[in-house]
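The chain that follows stands alone, in the form predicted alone, written as structure tokens.
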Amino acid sequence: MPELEKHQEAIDKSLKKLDDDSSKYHWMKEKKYATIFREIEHKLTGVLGVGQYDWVDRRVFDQVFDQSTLMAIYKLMQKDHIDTIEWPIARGKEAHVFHATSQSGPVAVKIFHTSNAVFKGLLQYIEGDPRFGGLRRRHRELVNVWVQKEHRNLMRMRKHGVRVPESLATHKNVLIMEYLGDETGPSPRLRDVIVDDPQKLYNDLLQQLRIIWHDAGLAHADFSDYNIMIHQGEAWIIDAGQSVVQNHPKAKEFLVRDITRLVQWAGRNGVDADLAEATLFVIQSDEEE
């Protein structure tokens, strides 16, 4: 059997399994959606767990790619923001992240779950942010706002020199970002590496927090070794969806929590870091020093 036919047969088997396992995909049989999906299915072999990606757990597709998400992916592919979606990079309560290809090279595609009620617990990071006033509490709207919030926060931080991945495009619950890693996999998180010079890294991250607060006018609000990646020898900060502007009612509370977590990391790694001194360094402006 020619290689192309084998590949198509693997896709068909994967889709049949999905159809057998879950009635939620009955809409794929409708003519409009069947035509669209046939147009892009060969670009989703990674998440379908076929071909060179047969190690991928096919339940990922069931968890992430509902009708709305597939339509969003289709739109982004039409606009040449994505070529193919390959393998999962990370998975969490709010989103899955995939390695993908584009005309300009590898990208990271972050897909936020549209059926996960956890977003209702994240209202504290949205309410009080003047950029997103008049928000209704429908779940799908919360997800779409969260994606736009992360996109805008990343752009704002990057504009002021913070090392965050570049946000490239969004549509509904899908965010496309710069990929931090190489062809073998993503760069490691800070919590998964042994740092040669913890003092130097601590000083660098403290400076990054200061830039986020003073120059970008934000508090990261989820700063930890889970959300820092070591890429090409430098620390990069990720997951900015929860970041809030300075006039958010909980901004200073979140900022102190961020600094506390960094000081705690420093202490675990043999750095003599003082919380009061660190807080003063981040909050105090140049004129006040």
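All residue numbers refer to positions in the sequence shown, first residue = 1. Bear in mind that the values here come from a model prediction, so they are computed numbers and not experimental data.
The same protein also has a form predicted together with a small molecule, omitted here; what follows describes it.
Chemist: Run the contact test on D129, V147 and A251 with a 4.5 Å heavy atom cut-off to the small molecule in the model of the complex and return yes or no.
Modeler: No, because D129, V147 and A251 lack any heavy atom that approaches the small molecule to within 4.5 Å in the model of the complex.
Chemist: Pick from A90, V193, L123, M155: which residue has any heavy atom within 4.5 angstroms of the small molecule in the model of the complex?
Modeler: By the 4.5 Å criterion, the partner-contacting residue is A90.
Chemist: If the cut-off is 4.5 angstroms on heavy atoms, which of these, L142, L201, M177, I211, is the one near the small molecule in the model of the complex?
Modeler: Among L142, L201, M177, I211, a heavy atom within 4.5 Å of the small molecule in the model of the complex occurs only for M177.
Chemist: With the partner removed from view, which of 155-163, 67-75, 178-186, 203-211 is the stretch that lies within 4.5 Å of the small molecule in the model of the complex, judged by heavy atom distances?
Modeler: Of the stretches listed, the one contacting the partner is 178-186.
Chemist: Spell out, yes or no, whether the shortest heavy atom distance between E86 and the small molecule in the model of the complex is within 4.5 Å.
Modeler: Outside the cut-off, so no.
Chemist: At the 4.5 Å heavy atom threshold, is L44 in contact with the small molecule in the model of the complex?
Modeler: So L44 does not count as contacting the small molecule.
Chemist: Closest heavy atom of N227 to the small molecule in the model of the complex, within 4.5 Å or not?
Modeler: Yes, N227 sits close enough to the small molecule in the model of the complex that at least one of its heavy atoms falls within 4.5 Å.
Chemist: Taking heavy atoms only, is A216 within 4.5 angstroms of the small molecule in the model of the complex?
Modeler: So A216 does not count as contacting the small molecule.
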